[in-house]
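Presented as structure tokens, the chain that follows is alone, the form predicted on its own.
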Amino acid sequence: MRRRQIYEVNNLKLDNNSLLLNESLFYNANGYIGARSAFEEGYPDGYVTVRGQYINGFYDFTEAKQAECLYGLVQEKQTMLNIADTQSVKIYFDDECFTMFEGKVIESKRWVDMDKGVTGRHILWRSPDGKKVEITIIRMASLQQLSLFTIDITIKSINFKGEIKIDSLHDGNTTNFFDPNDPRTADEEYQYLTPICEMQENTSYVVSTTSKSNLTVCSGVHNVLSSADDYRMISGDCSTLCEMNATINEGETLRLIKYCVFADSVRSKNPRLQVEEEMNKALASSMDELYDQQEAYLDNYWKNCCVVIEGDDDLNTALQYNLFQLIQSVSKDEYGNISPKGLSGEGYEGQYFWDTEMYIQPFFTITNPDISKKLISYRYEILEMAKENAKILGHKKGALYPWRTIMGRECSGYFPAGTAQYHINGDIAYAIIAYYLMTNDIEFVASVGAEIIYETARLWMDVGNFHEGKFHINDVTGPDEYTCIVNNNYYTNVLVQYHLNWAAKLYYEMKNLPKFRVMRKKIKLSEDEVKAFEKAAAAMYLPYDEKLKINPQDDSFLQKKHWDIASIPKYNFPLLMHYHPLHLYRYQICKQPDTVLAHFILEDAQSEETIRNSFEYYEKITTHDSSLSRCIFSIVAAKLGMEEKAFKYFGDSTKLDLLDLHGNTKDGIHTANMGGNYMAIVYGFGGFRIKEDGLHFAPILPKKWTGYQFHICYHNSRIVISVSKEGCQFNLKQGDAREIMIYGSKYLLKDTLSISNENNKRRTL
């Protein structure tokens, strides 16, 4: 049974680094809008803040500088925009303005309530003149009405009697954050939006147009104060101030609700009209009703995806926090996706990567497949641009998805570690196949997913070539970004083999379906072409070293010099910030798992001996400079029975943001790492795999835990898996009976199936 989960921080630190970190950790989002959690009242002069509010998939174009304008290099990229400031609220007690930086903060705390879907901030404050008040601020990005963001402020007087003035600002004069010293953020300030303000019936509107992409965004704000003596709207320079005055006595409370709604021209023909309709919808419900709707949405969410760790409350809370951030961050429509920072900050400029398919989508595929379906639909929406991208790179046919993008065009300026990562095609195909295996949604795959699979498969036939009877793929980059532009990257080649084999399987399975026939005619897919896919897959060259009995990362990797990681000063990590790329490329050193990741997702391609040898080899030379690293090592360590290593890698990974282990959570949370942490529980300790013959499980239990539980949605069935010191139990909560594999043996799950420790090969840590 899942316990109510709240992540809470007491006695807030007010140094600038802590404030920036908390802006990320306590942000609010719903997959459409995101708001960093800067103080409503602001910070003193001299403090840095990333006071941002964002819309998933809304962008403008900006220059991508290249030292040499060679053909095909990116000259322009898309960036997510800070669309407006609807957060600002200043509270005055007589002539004293509330701020945590003056007077005395007697008590303070912040929290994320992962069941109610809100963040909170509570302050007991005494002003310099001795006025004592209690302020509670609840913020919510609605998961039921995606356009809506609310700020709910309760002010309780302890010893103050007098006038309260509240200034609520709606400001269209916003810019994106920039840092010229960090390649993960924008390097210069630029005014992307031109705002126009208007007021109508106590609601302010800001309609802004982008500088280059010709998109429009509208935000609307409406303030409701429980008791106001005076209420007026003041129009400023592209901003509107709502000024409210009230009187209060000792022990009394005031409540301000600030309704903020948003619409954009990516999704709406008339954002201004849409905002008006959305505001009316929001105001038609009481705040308590909106809170109830939020809790109901999350109740259903947790029923499908809840993971509970027994025996380690801190780790359990951290994991719940991770899963809550995933539902906050992921787009609920086909016009957005999920970026490495979600909607919590401007790191990577809001662009989407392979992270979605390989680290985040697996979570949704096996818990909330409707969301996974939307993520595939987004890739389908930009398929034509992927085909154009392939042409730019010289390919005669097929589609090549951009390494970084928002609207479909490539944004990666440094192509060796970006555009050259052709494996993104295989990653997307892999995610579609996993969706198909988990849902059996053959109609959707036939009409949407298959077209992506075939257009991306066509690219492999153009980029690869036969040599001495083997199919080779040259001059690409694998997941490890410390080794770029190589021949026969193992991860890429084995994934392409899987991709091409499945392209053939789906053809023979679906060729008589009406939707598939329409798709086949549309893209002119022939059976001869499918046979060519099969031939290339059968002849795929997979690097293997007979002496070490491992899969080399690529053809030249084992020729390179070794670099003792222990000899590198700690202050030189991450290496990409302290060493020239060419320096890194000449060593056997990895930023993140490459071959090890391949051994996880396609474990049947090699023997367990090869997987073990490869794991031990690459473990010694991997820096884990990427947040995507430790969770994968945890999964493979668990498979290989390296239980202590599996647990250590998992613990380090799960608390990455809450402990700011990489020192950059201020730029935004690490959503892909969060998805990876889920996989470390389910795929690692749970031993879960989805294969063509069905579901496989091989659970193990860490020594420090008394048990754990997770849920799986398979076809029309929902299964709950519980692991304890006595054994493991599988409960069919809904749907049809299913055959499942447990520790290599087949069972029919009709209701409840218990496997005791005495009669299985289950290991405990």
Ligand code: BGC
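Numbers follow the displayed sequence, beginning with 1. Everything numeric in this text was worked out from a predicted model, so none of it was measured.
What comes next is about the form predicted together with the named molecule, which is not displayed.
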Would you classify residue 324 as touching the named molecule in the predicted complex, given a 4.5 Å non-hydrogen atom cut-off? no
Do residue 592 and the named molecule share at least one heavy atom pair within 4.5 Å in the predicted complex? yes
Applying a 4.5 Å heavy atom distance criterion, does residue 340 contact the named molecule in the predicted complex? yes
Contact between residue 481 and the named molecule in the predicted complex at 4.5 Å, heavy atoms? yes
Listed residue that, although the named molecule is not shown, lies within 4.5 Å of it in the predicted complex (heavy atoms), from 348, 414, 600, 291: 348
Tell me, out of 617, 516, 354, 378, which residue has a non-hydrogen atom within 4.5 angstroms of the named molecule in the predicted complex. 354
Tell me, please, which stretch of 622-630, 296-304, 120-128, 274-282 lies within 4.5 angstroms of the named molecule in the predicted complex when heavy atoms are compared? 622-630
Can you tell me which bits of 291-327 touch the named molecule in the predicted complex, meaning any heavy atom within 4.5 Å? none
